[in-house]
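Take a look at this single chain, the form predicted alone, given in structure tokens.
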Amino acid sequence: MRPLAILSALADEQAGLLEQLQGAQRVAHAGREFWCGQLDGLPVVLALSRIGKVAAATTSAALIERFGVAQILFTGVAGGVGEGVQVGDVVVGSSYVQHDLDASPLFPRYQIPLTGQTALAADDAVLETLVAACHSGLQGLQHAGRAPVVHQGLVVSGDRFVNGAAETRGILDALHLHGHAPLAVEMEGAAVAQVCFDYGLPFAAVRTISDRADASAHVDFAVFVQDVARVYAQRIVSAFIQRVFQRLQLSQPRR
């Protein structure tokens, strides 16, 4: 069985998963550490993409070429920019756009040159499983006195930590002008989506909202990742893997 890749940008975002990894084996490749093993009986490869689109693309290509993964699941944090998306909520990306990609006038703004693609869609089956895993995995949890809301929609990526209200408004205004209404902004997802598109590999991502991508974006970030995002990721991934495992069992021919 080909393994599932679980990718995050920061070590704290998947530390809980690494602690649960059974039969863990460390593999050094492409200047990175990859951890192979099993979670709840499912073969997985855990990896850190590092921060930014190029780093994420390198790691994704290595997961596909070196480890032969069947699909990539990204967990991490993001800034909430959509209406009603609050700190402590989660956003499951149904599509991904690079908000800093502009090859105009040769190609329309935000379009990936020579592909005809702008918003890269997540895999439908993985997306459905991930949304269900978020709802079940987050049951009973609260942040700042409210239960996390699961949102689904566009996530945009760029090689910049967006943390100012004016900058955020400029990015959103330009995106809206071209028909894109993002829920969250981060630095890796669209790059991973593009690599998976090139390889024909299923991809989906879930982001815990750590801030509203404004002047408060830097406040207690490390604490939030450790105390909130890490817990969310562990619960969501566990629920996701249980669903994948159940589906595999149901697909097995009966003897």
Ligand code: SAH
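All figures in this text were calculated on a predicted structure; none of them were measured in a lab. The numbering used is simple: start at 1 and walk along the sequence shown.
The same protein also has a form predicted together with the ligand, omitted here; what follows describes it.
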## Note on the structure
Among Val162, Ala133, Ala122, Leu73, just one has a heavy atom within 4.5 Å of the ligand in the predicted complex, namely Val162
### Summary
The stretch from 54-62, 37-45, 24-32, 204-212 that lies within 4.5 Å of the ligand in the predicted complex, judged by heavy atoms, is 204-212
### Query
For Phe67, is any heavy atom within 4.5 Å of the ligand in the predicted complex, or not?
no
### Query
Taking heavy atoms only, is Leu10 within 4.5 angstroms of the ligand in the predicted complex?
yes
### Query
Taking heavy atoms and a 4.5 Å cut-off, does Gly79 contact the ligand in the predicted complex?
yes
### Message
How about Val185 - does it come within 4.5 Å of the ligand in the predicted complex, if we only consider non-hydrogen atoms?
### Response
yes
### Task
Any residue of 133-148 with a heavy atom within 4.5 Å of the ligand in the predicted complex counts; write them all down in order.
none
